[in-house]
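Before any questions on binding or motion, here is one chain by itself as structure tokens, the form predicted on its own.
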């Protein structure tokens, strides 16, 4: 008997002995999972409680509040009136457009800058990588309030750094933060020029996990450094890119500190953003129902953007 015939007989014998009609194993219920891993859930309990009390309940309460006209002594159910008022508000539409522009400009700049800097640091030794990680991450721990105050001085009309440099070339000073044409671009420039420390560190961690044998094989095949980066590095760190794009998009849609510290939404609503409008509606006008409706709309906008980005990157992957 040949080896192939013997293999076919043994395969048929194995198939004939396979049990028929065997019931599928039932998946454990949630309660059984909790009992099985009760130690893990016990350690997670403080964080879950914190999340429930300070995140989940306020989100749900905000959703309920968006259908009410909230008052200290009386609350009235008004249905979708708050949502209609939001969409009819020119201020909200302006803030929505400004926030969208800010996101479209700053998110790609953040991700691309982090990727380029991480690519330049990646070939260095461990000691050099540690130095540059610290150097680029240091501004991240600085309060945005302090950074905004420094940039406000740099944009000052009379003695700011930017106008001082423009003066060298004979260009007249620009009132960066008090002109409708330059206020929003000035805020974008500030966000773009702040080093993306967190993004650099996350990209470096992803690049260091790529096997060096891939680069060696590509080098033997004659691939140039750019081809190795484009064909190996960029595709393999795509999940990291997705993570950074979604996180930075959420952060850009929630931009607030720069606005309130540098322009207050002006001039002429040129730098109004959604979160700043929500803040003024709730804590200046004390219209918590309308502010909740604005918050819910912002929540769904961010969710739609995140789903779109996730599906696009997943398809490409």
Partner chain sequence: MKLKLSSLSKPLIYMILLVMALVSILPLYWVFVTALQLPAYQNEEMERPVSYVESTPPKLYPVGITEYMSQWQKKRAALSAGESEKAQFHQEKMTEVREKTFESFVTLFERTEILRWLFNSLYIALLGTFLLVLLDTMAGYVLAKKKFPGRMLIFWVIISTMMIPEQVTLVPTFIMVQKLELFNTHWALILPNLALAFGVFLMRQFLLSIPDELIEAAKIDGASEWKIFYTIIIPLAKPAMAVLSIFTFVLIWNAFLWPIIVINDTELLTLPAGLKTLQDANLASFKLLMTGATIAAIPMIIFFLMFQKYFVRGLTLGGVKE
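Positions refer to the first chain, counted from 1. Each form is matched to the other, and the largest set of C-alpha atoms that superpose within 1.5 Å is called the rigid core. This structure is a prediction, so every number in the text was calculated from the model and none was measured.
Keep in mind that the form predicted in complex with the partner chain is not shown, yet the notes after this line are about it.
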Of the residues 243, 80, 215, 97, which one places a heavy atom within 4.5 Å of the partner chain in the predicted bound form? 243
Heavy atom within 4.5 Å of the partner chain in the predicted bound form - residue from 111, 121, 188, 232: 121
Any chance residue 206 has a heavy atom within 4.5 Å of the partner chain in the predicted bound form? yes
Just to confirm, residue 132 within 4.5 Å of the partner chain in the predicted bound form by heavy atoms? yes
Report yes if any heavy atom of residue 143 sits within 4.5 Å of a heavy atom of the partner chain in the predicted bound form; otherwise report no. yes
Does any heavy atom of residue 159 come within 4.5 Å of a heavy atom of the partner chain in the predicted bound form? yes
In sequence order, the residues of 193 to 227 that place a heavy atom within 4.5 Å of the partner chain in the predicted bound form are 195, 198, 201, 202, 205, 206, 209
Is the C-alpha displacement of residue 168 equal to or greater than 2 Å between this form and the one not shown once the rigid core has been superposed? yes
Any chance the CA of residue 32 moves 2 angstroms or more between this form and the one not shown, core superposed? yes
Quick check on residue 41: with the core superposed, does its CA move 2 angstroms or more between this form and the one not shown? yes
